[in-house]
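A single chain comes next, written as structure tokens; it is the form predicted on its own.
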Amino acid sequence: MISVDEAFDHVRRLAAALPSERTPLAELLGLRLAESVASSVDSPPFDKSMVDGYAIDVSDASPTLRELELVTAGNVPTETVVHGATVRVMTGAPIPAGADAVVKWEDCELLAEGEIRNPARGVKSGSCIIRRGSSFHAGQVVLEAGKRLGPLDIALLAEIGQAEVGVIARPRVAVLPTGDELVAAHEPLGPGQIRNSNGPMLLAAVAAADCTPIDLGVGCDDPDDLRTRINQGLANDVLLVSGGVSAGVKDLVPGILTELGVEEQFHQVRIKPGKPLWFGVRHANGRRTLVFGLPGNPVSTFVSFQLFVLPALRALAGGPFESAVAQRAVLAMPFEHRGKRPTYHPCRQSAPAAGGVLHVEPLDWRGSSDLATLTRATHLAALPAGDYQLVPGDAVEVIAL
């Protein structure tokens, strides 16, 4: 049995970013750039108007200006602004030659059709004009390698004409809950049966991590069935198997994984819940597959996913390999801890105290199968091993859910 930190280091060592691939704009959301992106154009590509108004020469002292033409966004001026003349422009339209400022239409006085009083007095050169290249120039890096792409980044890529870019591939994560006792949510329960909650939970957690979930169905406690399904899962970047990894007579998963070429890195972690956790890796056909054998109880599965699987998925997707972020909190009620393993105990946030200090209440948690209590939790309290009594006001480290 190894410590949480040792298990974490094993996973960190093998969770390297996946190869890059060219991906179109419509599929980029949430992915990380494999390389920096430079613009091939200036932005804006021409001097343009910030407002609807009249383009003028501020040095023009003529009392009135006649309108030469109207230029809307998407069109170009055909006239040059000379003294005694102006060009009406709409927002986003190019600035005509001879003009060095734009005055808002509402600040101009219309004298007759096609004629305005000269508004140049007090107007500064460059007013209401966005200059070419003022946002960025051709050749300038606009998005750095490693950037996780959001909607605005995708808009910027479209602006500079990048219809596809190189990004770290989205991890494909296969999910395989196991056990003869499992039935689907819509099926009636027979004697000794329980419903499959780990499968839907893991598929949802994988999707929430911006990875591609692959549903392998439910594996029976039968070597041939498990071998077939596990072999299918090994064609992906990560395989999550829940159940069958402890020490029971039907805990067949570790042996089958070894048979299929998965190299065990560790089995059993000094932690509660989640002690039976199994981790290994297979290198085959140019692919590296990380394999997590998660405990069968749903809370153990969830905690193991949060602590070990989620950081690995983020690293595979090109992000930093980081443990779950712990923050300081204080207990709002007494709590007694007993046990030889560090415990991640479900707790719930209560009202924050003065100064923004987080207060938490440990929940009445009944163990690894108590999924209902976990749904009411906002945090997991990381409690050291040992037998001790905590009182209100004692500091604890918590991980937000």
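In this text, the rigid core denotes the largest set of C-alpha atoms whose superposition between the two forms falls within 1.5 Å. Predicted, not measured: the structure shown is a model, and the values here were computed from it. A residue's number is simply how far along the shown sequence it sits, counting from 1.
Below, we refer to the form predicted in complex with a small molecule, which is not included among the displayed structures.
*Asks:* Pick the stretch from 173-181, 100-108, 315-323, 148-156 whose residues have a heavy atom within 4.5 Å of the small molecule in the predicted bound form.
*Replies:* It is the stretch 173-181.
*Asks:* Looking in the predicted bound form, is the small molecule within 4.5 Å of a heavy atom from each of S49, G53 and R121?
*Replies:* No: no residue has a heavy atom within 4.5 Å of the partner.
*Asks:* Does the small molecule get within 4.5 angstroms of any non-hydrogen atom of Q306 in the predicted bound form?
*Replies:* No.
*Asks:* Please run the contact check for S246 against the small molecule in the predicted bound form: heavy atoms, 4.5 angstroms, yes or no?
*Replies:* S246 belongs to the contact set for the small molecule.
*Asks:* At the 4.5 Å heavy atom threshold, is D237 in contact with the small molecule in the predicted bound form?
*Replies:* D237: no contact with the small molecule in the predicted bound form.
*Asks:* Does at least one non-hydrogen atom of T86 fall within 4.5 angstroms of the small molecule in the predicted bound form?
*Replies:* No.
*Asks:* Could you spot which one of Q265, N196, Q162, T289 gets a heavy atom to within 4.5 Å of the small molecule in the predicted bound form?
*Replies:* Exactly one residue meets the criterion: N196.
*Asks:* Core-aligned, does A184 move its Cα 2 Å or more between the shown form and the other one?
*Replies:* For A184, whose C-alpha is compared between the shown form and the other one after core superposition, the shift is 2 Å or more.
*Asks:* Superposed on the rigid core, does the Cα of D221 end up 2 angstroms or more away between the shown form and the other one?
*Replies:* Comparing the forms between the shown form and the other one, which are aligned on their rigid core, D221 does shift its C-alpha by 2 Å or more.
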